[in-house]
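Just one chain follows, in the form predicted alone, and it is written as structure tokens.
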Amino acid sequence: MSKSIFYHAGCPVCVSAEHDIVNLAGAENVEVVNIGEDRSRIPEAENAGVRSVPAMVTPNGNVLHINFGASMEDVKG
């Protein structure tokens, strides 16, 4: 993985964090995944270690949970 992946669920907390992360890291360095819209990516996020969103998975596999918005259980409904 050469880019960080920023997972979120589309809530206001998540969207605000998305803007900050993209501004800090640069759009070319971050893939943004809204798992509220693309639910097929939920297993991928969970396998990477994401337990709540918003969260960013770095290129070396570290998971950075940012400003708790929702648990993955809440997202899965």
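When you see a residue number, it is the position in the sequence shown, counting from 1. The structure presented is a predicted model; accordingly, all values stated were derived computationally and were not measured.
As for the form predicted together with a further copy of the same chain, it is not shown, yet the points below apply to it.
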{"property": "Candidate spot I35, S40 and A70, all three touching a further copy of the same chain in the predicted bound form (heavy atom, 4.5 Å)", "result": "no"}
{"property": "a further copy of the same chain contact in the predicted bound form: M56, any heavy atom under 4.5 Å", "result": "yes"}
{"property": "Partner contact for C11 in the predicted bound form: a further copy of the same chain, 4.5 angstroms, heavy atom", "result": "no"}
